[in-house]
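Just the one chain here, laid out as structure tokens, in the form predicted alone.
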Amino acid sequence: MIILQTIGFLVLEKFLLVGLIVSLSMIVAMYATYAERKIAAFLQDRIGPNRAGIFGLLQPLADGGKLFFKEEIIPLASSKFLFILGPCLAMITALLTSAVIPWSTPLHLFGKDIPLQVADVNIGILFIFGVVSLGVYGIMIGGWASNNKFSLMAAVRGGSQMVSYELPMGLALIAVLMITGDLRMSVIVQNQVAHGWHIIYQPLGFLIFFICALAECNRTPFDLPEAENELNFGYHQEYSSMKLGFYLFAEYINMFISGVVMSCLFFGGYDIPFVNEAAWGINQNLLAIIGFVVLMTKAGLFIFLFMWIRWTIPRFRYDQLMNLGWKKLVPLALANMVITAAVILWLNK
């Protein structure tokens, strides 16, 4: 009976945590669209959304409602099952990556510690890479199933871009894993809390990882799959209503999760810089809340940086995109990995 109660409590705990993380991701994605428009307006000396609610704060709700009530159109010549599967797959893979992220230190409730992490698996970062690599299928399936040549061209671009930039991203990550010696996200964060943030030891690795994250999220200057002046509208040209909304939301969720992952890998996750939180002597739950706010602040700064870059740097040509990935980033990531390995061997003599 006690075992059944323990299992039931664990399942309930995980269900609640999953629900909170999904809700958080959706809310952040929703208001990231508002932030994008406001930042663009500021950089272009405009006002931006200011009609729906105070300072336009209800604009994301108005945009979401518009997508819900728009007519659902499925082209007659499309492959209907795959046409619907594409945006669903893009959304699912975007949300799945959050499962192994340690959002903060454990909460203490009902006489036990509850970790703010859905699954602390021993291949945590590999899980993220595996799910991210599946995200390309959402783009490829949607572009092909539309039976539109521009959508297909955009999907092929997106697929080749994501596959190309996963390689230098993985090589940059190997250098970090050499330092920590573990694939679990919780251990990677705890190692930084104890020994200093990885950005100190791996500045080049972070730069490579950040550039690749821009490409993986299809963000400017790597938004070749959505190049309106070349491909009309991109791989989701034939989509409408919430299927289009899924694609758009998936991009912003990917951007948010990318910011959280980079914060955990290079900037200490929920760790507060230059502060020993353990010496504060405050309640464990309050410490967990502070850690969560710190992680969200770091992720928010990355989202702002993504948006700033979008409205500042022009789009690359496709040949420039591939040259950067294969001829610049891959050799740099390999050199960074070899130098890191040599330094670790020298220090451990």
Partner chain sequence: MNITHILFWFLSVLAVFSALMVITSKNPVHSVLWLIVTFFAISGHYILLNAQFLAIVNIIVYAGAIMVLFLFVIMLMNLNKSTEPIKHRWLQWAGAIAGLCLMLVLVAALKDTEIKGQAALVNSGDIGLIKNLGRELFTTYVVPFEISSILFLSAMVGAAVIGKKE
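Source: prediction; values computed, not measured. Residue numbers count along the first chain shown, from 1.
There is also a form predicted in complex with the partner chain; it is not shown, and the following applies to it.
Trainee: The partner chain isn't shown here, but in the predicted complex, which of 151-159, 267-275, 108-116, 194-202 has heavy atoms within 4.5 Å of it?
Mentor: Heavy atoms within 4.5 Å of the partner chain in the predicted complex occur in 151-159.
Trainee: Here the chain is shown alone; which of Ser133, Thr220, Ser241, Ser186 has a heavy atom within 4.5 Å of the partner chain in the predicted complex?
Mentor: Of the candidates Ser133, Thr220, Ser241, Ser186, Ser133 is the one lying within 4.5 Å of the partner chain in the predicted complex.
Trainee: Work out which of Val176, Met255, Ile211, Ile141 lies within 4.5 Å of the partner chain in the predicted complex, going by heavy atoms.
Mentor: Contact check passes for Ile141.
Trainee: Counting only non-hydrogen atoms and a 4.5 angstroms cut-off, does Ile123 reach the partner chain in the predicted complex?
Mentor: Taking the distances in the predicted complex, the answer for Ile123 is yes, it comes within 4.5 Å of the partner chain.
Trainee: With a cut-off of 4.5 Å between heavy atoms, is Ile73 one of the residues that contacts the partner chain in the predicted complex?
Mentor: Looking in the predicted complex, residue contacts with the partner chain do not include Ile73, since no heavy atom lies within 4.5 Å.
Trainee: Quick one: is Phe233 in contact with the partner chain in the predicted complex, heavy atoms, 4.5 Å cut-off?
Mentor: No, Phe233 sits far enough from the partner chain in the predicted complex that none of its heavy atoms falls within 4.5 Å.
Trainee: Does any part of Ala77 reach within 4.5 Å of the partner chain in the predicted complex? Heavy atoms only, please.
Mentor: Flag for Ala77 set to no.
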